[in-house]
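Take a look at this single chain, the form predicted alone, given in structure tokens.
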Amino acid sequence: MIRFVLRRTVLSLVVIAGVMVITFVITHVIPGDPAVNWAGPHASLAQIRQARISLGLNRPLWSQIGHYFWGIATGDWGTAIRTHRPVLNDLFGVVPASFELVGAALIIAAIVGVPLGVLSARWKGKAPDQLVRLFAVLGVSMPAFWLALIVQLIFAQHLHWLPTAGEYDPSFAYSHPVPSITGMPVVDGVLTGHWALAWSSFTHLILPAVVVASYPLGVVTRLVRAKVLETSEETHSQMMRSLGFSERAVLGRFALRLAWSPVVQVLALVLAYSLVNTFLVEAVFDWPGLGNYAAQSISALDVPAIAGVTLFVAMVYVVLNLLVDLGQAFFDPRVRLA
């Protein structure tokens, strides 16, 4: 097990190093001059020259990449051109909102997707199965930004059931102090007893969370259906039927239990995908998370910020993949031999 952990960890570090190299190359081939953006539109040549020195763009390429690697390792991810603040500080400020959104989406996907998968397996080949499979395919294939616009038009602008955009009612920023413990307003409102803020944040969270949940919901539903059908045909399930257990008990108490492990693994990996999938959703709902920050950085040609977002998302992918591999190896010794 120790050898397996070391091997996977080293491979993960190699992948992160490769991502750092690719990110560095991309930031140097993007059209435009970061020094001009840093100095401003009306800067003089002397100010632009000073900006190039401040950003380290006057150094040789090998020195720049060495400084970039050292900065990433020591927590210096550069300074954002748009905000003039350290990129890592900016990321720490916006990532909690994205994690709150993605976390709520994955909870919806698990709560709704697992029962739908079992229902589809229970009525295999019949009308409920066909409807659930169609629903799952639509969830996986439907563009998130299009779905975001549709639910916004229906539930916010037409029915007026839920807020259109934002993280909570803007009046709280003026009338009541907004606590910031975790950076997640729903959680902070509950922890501090600020129930009005918690409820406002919850209602603002529903629509974007449902949109982000569409893809993982479809994945979980299809995976649960496949795993339940697979395990329901195995010997132990047949034995349960011969002992007089109902089909509902066989699927729910025995087949579903064995299907939970791959579902948890998929949810861990889908978390990283959903983090990227929120970019356009956050733009539509004006959600102050990582996607909104990335969109503003791209529009401002903020190269350090773009590189920081890219590297952060890649690290999330690699770390979650590593945790899934280690979890599989812990519970299934056969994985260690791979």
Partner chain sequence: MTTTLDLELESGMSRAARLRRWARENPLLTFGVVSVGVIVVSALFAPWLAPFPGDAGSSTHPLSILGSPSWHHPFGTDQVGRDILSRVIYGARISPLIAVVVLFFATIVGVPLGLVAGYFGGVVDDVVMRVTDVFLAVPALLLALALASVLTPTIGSTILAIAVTWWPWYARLVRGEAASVRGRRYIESCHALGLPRWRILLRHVLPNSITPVLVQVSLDFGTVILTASALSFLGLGVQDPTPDWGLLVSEGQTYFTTNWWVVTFPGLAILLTALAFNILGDGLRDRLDPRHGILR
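Residue numbers count along the first chain shown, from 1. Given the structure is predicted, the values throughout are model-derived calculations rather than measurements.
Omitted here: the form predicted in complex with its partner chain. The next part is about that form.
**Student:** At 4.5 Å between heavy atoms, only one of the stretches 96-104, 180-188, 111-119, 222-230 reaches its partner chain in the model of the complex; which one is it?
**Tutor:** Looking at the partner contacts, the answer comes out as 222-230.
**Student:** Taking heavy atoms and a 4.5 Å cut-off, does I22 contact its partner chain in the model of the complex?
**Tutor:** Answer yes; at least one heavy atom of I22 falls within 4.5 Å of its partner chain in the model of the complex.
**Student:** According to a 4.5 angstroms non-hydrogen atom cut-off, is L301 in contact with its partner chain in the model of the complex?
**Tutor:** So L301 counts as contacting its partner chain.
**Student:** Might L269 be said to contact its partner chain in the model of the complex, defining contact as any heavy atom within 4.5 Å?
**Tutor:** Answer yes; at least one heavy atom of L269 falls within 4.5 Å of its partner chain in the model of the complex.
**Student:** So in the model of the complex, is its partner chain close enough to V15 to count as touching (4.5 Å, heavy atoms)?
**Tutor:** Answer yes; at least one heavy atom of V15 falls within 4.5 Å of its partner chain in the model of the complex.
**Student:** Have a look at Q130, T192, T203, N89 for me and say which one sits with a heavy atom within 4.5 Å of its partner chain in the model of the complex.
**Tutor:** Here the answer is residue option Q130.
**Student:** Among A165, L149, V264, L162, which has at least one heavy atom within 4.5 Å of its partner chain in the model of the complex?
**Tutor:** Answer to the contact question: L149.
**Student:** Using a 4.5 Å cut-off on heavy atoms, which residues of 282-313 contact its partner chain in the model of the complex?
**Tutor:** The stretch 282-313, when checked against its partner chain in the model of the complex, contributes V284, A295, I298, L301, V303, I306, T310, V313 at the 4.5 Å heavy-atom cut-off.
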